[in-house]
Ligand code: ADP
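Below you will find one chain, with nothing else, as structure tokens; this is the form predicted alone, and questions on how it binds or moves follow later.
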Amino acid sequence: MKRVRILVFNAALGVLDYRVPEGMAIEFGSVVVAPLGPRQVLGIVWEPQRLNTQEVPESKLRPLLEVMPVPPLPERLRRLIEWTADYYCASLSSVARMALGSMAALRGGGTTTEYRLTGQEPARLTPQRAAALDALQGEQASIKELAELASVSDGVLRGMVGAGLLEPVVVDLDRPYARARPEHAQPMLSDGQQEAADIFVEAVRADAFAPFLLDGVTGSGKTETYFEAVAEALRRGRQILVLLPEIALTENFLRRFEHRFGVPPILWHSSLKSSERRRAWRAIVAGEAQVVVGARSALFLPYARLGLIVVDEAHEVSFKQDDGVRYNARDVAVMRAKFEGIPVVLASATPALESMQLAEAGVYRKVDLPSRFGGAQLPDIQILDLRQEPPERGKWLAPRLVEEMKARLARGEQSLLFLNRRGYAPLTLCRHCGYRFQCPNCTAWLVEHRFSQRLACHHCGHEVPVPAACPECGTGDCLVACGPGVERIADEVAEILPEARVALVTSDTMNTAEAVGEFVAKAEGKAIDVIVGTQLVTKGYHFPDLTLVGVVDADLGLEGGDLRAAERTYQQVAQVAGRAGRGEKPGEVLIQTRHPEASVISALAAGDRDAFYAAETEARRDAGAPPFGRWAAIIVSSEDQSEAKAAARAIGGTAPNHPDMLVLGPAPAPLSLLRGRHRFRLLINARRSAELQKTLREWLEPLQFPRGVRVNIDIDPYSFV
């Protein structure tokens, strides 16, 4: 090639043409360095016929500077990038950037220097050094990363190096990973599990696109089943990608994986150290990384020999990204498998309604595991009508739930209380003047966190200490916490059962793999009597002595403007109910509600999932909602409210008069102020026959907006705030 078209990582620039110097070997997909004015930019060589731009005259072309020493992005990955950008109305460059997950890795291997504590006893300690010593136990990373972990400056840590408290360690960036062994600990599967495993193993051997929906009740052993497909892919020298929705789930999964295959898998998520990302990325592109377990971003990595994709807990909302490229990793995983020509397994105890419809239509092959492994029984589910059995005044747990918890404690069994609300209370106000603490950056109340003694916004992260007096009227000792969060429930449990050992499980307390590992070890070792948690405890955990689950407020998820509220509530409650009775002891679930007549609550009580899905399917069909119709959202934001409003009105005023599309709005978003930006939303409901993405581009591309205005498109939205 004498000239190339490269995709640069700047959406405003898009693609640029360059000349290839004599002797430089270039392929489509090569990662290159090119000059741009006085700067140098990174780009990917792309097929010019696939990029709709005008060709620059030969005389104006500047020469490429360098080809990075990494394999070119494979053609199948490039096609996936194009599909994702087209489907989600995103720029090609923003999607392609996700394939190069570690810019540092592009320069090759070598060594780097990390630091760790020496264990030396300091003669004199400043408060900052003391804090660093506590925070960095067992950690090894760069000075910058350690400083972030310890919340101190780089200078404090460099001083600790000079004082002999930290020592340098030279790390080989490309050291090989231990090899997984498919025959290490082969499990004894039930007949149903073996039948399902055989189907997946045959699909891996066939080496062709095959999408599966693995629909198994909680505790049925779905993981062990698809592990047999992982083992077969390992035998065939292929790479495997397992997507998990939450980093907090990773620790439990790693233990199960290591028990089965002898070594842990390779991790990929945003919390990795830079040296870990670099090492993992280079092993992935070289084909040496056997099994990668990661968050949704692992989906776009340039695997050399991908042979199987598994999406665990495939119904989870966290697979949908709500900023940047707003893609759904569950759906893109199926498309990647299609481009690669390999099997993909979507595993869930409560599949998304869209996945169920695709299975019914024959697009996915449905594989069922209808019973729990080892003869364990599904728990008995009962409804607690809070109108008939209200808690005591100032309390949140109904008397029957309290009595059942006391009985479990007396028998040495464990209980779990689920409330999907972090903190102590969702609202704090002044009893004297009625002042409510609101976030200055968002249309949201500040949530009280008593453990940290802070008021925090769960949308932008703004925090302030809890004041001694009302900032509005100046009255002291007048602040009242309204409503319950998990911290308040934990306090109530401690008051009711003072002898019980209580564990609080939220993203605030389980924010590291070590914290999750410690919690799991304690729960399995019967060092915990009552677990109080948010959605983090609804999936993935197996505690044989957990026999009681209490859902504190089953109605919480039904509030607000979430168009998938009933489905999401059913999934959450069914998943948390599935934590009970997973061993030999029978389990019981008590669901506190003020709306026992709601279809989702009655379906949970009857244990009739099929009836719920059937009713929800008909409601969606009548409304033309997914999977029978299409949704798209247009989100307009600006720091200037009038500017955002004018832009939203301009979009609404030019909406196409399309017979297959209904445009609703613009209207202020439920969170009309988020991170300092004023927000307006439009919702498009389209028939499946409509060319939705094409229509959106033709509608929005001619419009001009002030520089401070952002217009984002969300295809298949899951968030309506």
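Remember, predicted model here, so these are calculated numbers, not experimental data. Residue numbers here begin at 1 and follow the sequence given.
If you look for the form predicted together with the named molecule, you will not find it shown, but the lines that follow are about it.
Student: Which one, 222-230, 294-302, 399-407, 116-124, holds residues whose non-hydrogen atoms are within 4.5 Å of the named molecule in the model of the complex?
Tutor: Contact criterion met by 222-230 only.
Student: Looking at the partner-bound form in the model of the complex, is V217 within 4.5 Å of the named molecule by any heavy atom?
Tutor: The answer is yes: V217 has a heavy atom within 4.5 Å of the named molecule.
Student: Quick one: is P391 in contact with the named molecule in the model of the complex, heavy atoms, 4.5 Å cut-off?
Tutor: The answer is no: P391 has no heavy atom within 4.5 Å of the named molecule.
Student: Taking heavy atoms only, is R236 within 4.5 angstroms of the named molecule in the model of the complex?
Tutor: Heavy-atom contact with the named molecule at 4.5 Å: absent for R236.
Student: My question is simply whether V170 lines the interface with the named molecule in the model of the complex - judged by any non-hydrogen atom within 4.5 Å.
Tutor: Looking in the model of the complex, residue contacts with the named molecule do not include V170, since no heavy atom lies within 4.5 Å.
Student: Please identify the residue among F373, F437, W631, F339 with any heavy atom within 4.5 Å of the named molecule in the model of the complex.
Tutor: Checked against the cut-off, the match is F373.
Student: So which of R78, R279, R421, R582 gets a non-hydrogen atom within 4.5 Å of the named molecule in the model of the complex?
Tutor: Partner contact (heavy atom, 4.5 Å) among the options: R582.
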